[in-house]
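A lone chain, given as structure tokens: the form predicted alone.
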């Protein structure tokens, strides 16, 4: 079964996926599509940045075939990257575009795992000249409650939910965290349980009640926590190494 890769708007998921495909990886390689092909689709050389998602599209879907190198051998992950415009999450849009909304639900309901990419909130950001560009903690929590409702009512078969707090370079020293959290076969500083508990307690405190609600609402769901950044390959690869280690064959 495949993995779905989705996220909030302006969370950086396009750039994150592009950087994951960079061939200079450690334990995670995107087999298909080719990095240069993906870059030609997603990168704007004039802006020196990834292209923004067009607002008039319901969603883009891009297939990603990913290989994860593990001590037990290589594991292949088939992932669908769904990039949505903001309108798709509004009730009036879903009611006026029932066929497209159903198509989106049909895709996401086939997944065994979901990676949800989240942006940092204003009070967390310390390494940015204008934190006001980010939503407040309260708005962030309210937004996450809508994700909770979505997973509860529209994703009944979900078993692995990976919450990735992206743009870690804006709220922590990524090199220090990478040294602590990074994956080194058979000699990592933390095991998976310790990594999860560390990130959960350090970076996801505002949504602890929401996580409790999720765990109580969806039987058999495993929620795991990560911080990611395009500027640190170790942190970027961790969610995929975890999936490679724990997804059923």
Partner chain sequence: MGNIVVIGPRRSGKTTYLAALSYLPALRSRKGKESNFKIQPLNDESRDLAENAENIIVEGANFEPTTVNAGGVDGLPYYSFQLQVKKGLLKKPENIQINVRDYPGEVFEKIADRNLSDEIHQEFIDECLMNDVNGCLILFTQWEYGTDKFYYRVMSQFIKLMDEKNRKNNLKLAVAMSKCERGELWAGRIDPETDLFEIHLPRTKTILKDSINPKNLRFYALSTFGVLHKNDPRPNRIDQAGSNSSESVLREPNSWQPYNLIDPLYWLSK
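Residue numbers count along the first chain shown, from 1. What you see is a predicted model, and the numbers here were worked out from it, not measured in a lab.
Below, we turn to the form predicted together with the partner chain, even though it does not appear here.
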Is the partner chain in the predicted complex near all of 186, 193 and 220, within 4.5 Å of a heavy atom of each? yes
Work out which of 123, 78, 179, 72 lies within 4.5 Å of the partner chain in the predicted complex, going by heavy atoms. 72
26, 36, 215, 65: which sits within 4.5 Å of the partner chain in the predicted complex by any heavy atom? 215
Should residue 167 be classed as touching the partner chain in the predicted complex when contacts are defined as heavy atoms within 4.5 Å? no
At 4.5 Å between heavy atoms, is residue 159 in contact with the partner chain in the predicted complex? yes
